[in-house]
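Below, in structure tokens: the form predicted alone, a single chain.
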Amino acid sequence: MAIIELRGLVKRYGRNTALDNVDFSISPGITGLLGPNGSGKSTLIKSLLGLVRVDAGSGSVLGEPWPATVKAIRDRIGYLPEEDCFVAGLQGVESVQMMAELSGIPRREALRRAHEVLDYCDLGQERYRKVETYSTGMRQKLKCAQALVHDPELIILDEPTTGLDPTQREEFLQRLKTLAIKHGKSIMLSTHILHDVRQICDHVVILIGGRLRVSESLEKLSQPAKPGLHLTVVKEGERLIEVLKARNFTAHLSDDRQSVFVEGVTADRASELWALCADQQIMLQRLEPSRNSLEQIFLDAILEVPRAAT
């Protein structure tokens, strides 16, 4: 059952149409909301949360009618905005405690939860520093703690890995995966970083120019039009092509001369290809099933859908 189901969503800013008749649906799990800057991702999120008023559209969120009960819905959602949202002068722990209290949690329990969730988000003694002294990475951790402190059913994150170094980003993504798998949270991850979506998402939604272009499971999107195996060699790609064709395989060499695509071959023949390369003394680095590129799917979506009228 979908946890978000919106139909006919329209939002205009003057003559600019930010959301153009969007039908939006996500199921439990982790959904990646993809789109270039200006595609309408943040407007969609803010509309969902009732932070901006839409011109048209209706639906349900977490089983509640939307937008009629948007205030009650918002209490069940954790939101990490793209922009910073801190009160200057507060310590990190005080900032998270305040968010818990605003959610209706008693003061003492709010403080306990604040410490608990800050531990989970890996913000150590820095929690006692003033928030305005935080680095970008520390601010992202703090915003995550603020989004989680009231134990929401649905977590919405708007560009949460912006400004994080590679190690911090991987740790953050694994934290989200743990929330989904071990704690049963549903997550919507809005980003323009395709790597983040590939890492943890179950479902992909692509928004281009205010219009919904793709809504599909990542597994299905990754299925290639032509099944086969990709072989990456250290060198001698041309010789591998000759060896494969001599044995009636249909094979193609990539432009970099190091990647060979063997068409129509499934993974159960991988050991045969490994043995063939070893017998011919061709150094094989990697062998993997053919998959569609999320990058290419994203680029195709951009090329196929013009921007909404302005």
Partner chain sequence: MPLLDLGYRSWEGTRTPRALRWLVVTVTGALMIWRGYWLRTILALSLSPIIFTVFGFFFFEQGLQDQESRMWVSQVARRQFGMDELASNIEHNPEQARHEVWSLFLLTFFKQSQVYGMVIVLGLTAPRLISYDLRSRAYLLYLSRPLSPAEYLLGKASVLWFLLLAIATLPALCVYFFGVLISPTWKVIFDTWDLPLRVMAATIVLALPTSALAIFYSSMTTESRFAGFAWFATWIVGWVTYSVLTTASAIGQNSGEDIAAQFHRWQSVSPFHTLGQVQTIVFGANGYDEPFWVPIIVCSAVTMGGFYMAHRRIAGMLRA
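On a predicted model such as this, the values are computed, not experimentally measured, just so you know. Residue numbers count along the first chain shown, from 1.
Heads up, the form predicted together with its partner chain isn't pictured, but that's what we're talking about next.
Residue-level contacts in the predicted complex: of Gly228, Gly237, Gly137, Pro152, one residue has a heavy atom within 4.5 Å of its partner chain, and it is Pro152. Contact with its partner chain in the predicted complex, defined as a heavy atom within 4.5 Å, holds for exactly one of Arg213, Lys185, Lys177, Arg198, namely Lys185. Contact check for Ser103: a heavy atom falls within 4.5 Å of its partner chain in the predicted complex. Contact between Val233 and its partner chain in the predicted complex is not found at the 4.5 Å heavy atom cutoff.
In the predicted complex, its partner chain sits within 4.5 Å of a heavy atom belonging to Glu116.
Contact between Leu221 and its partner chain in the predicted complex is not found at the 4.5 Å heavy atom cutoff. Stretch 70-78 is the contacting one of 159-167, 70-78, 189-197, 204-212, since its residues have non-hydrogen atoms within 4.5 Å of its partner chain in the predicted complex. In sequence order, Lys71, Ala72, Arg74, Asp75, Tyr79, Pro81, Glu83, Asp84, Cys85, Phe86, Val87, Ala88, Gly89, Leu90, Glu94, Met98, Met99, Glu101, Leu102, Ser103 are the residues of 67-103 having a heavy atom within 4.5 Å of its partner chain in the predicted complex; the partner itself is omitted from this view.
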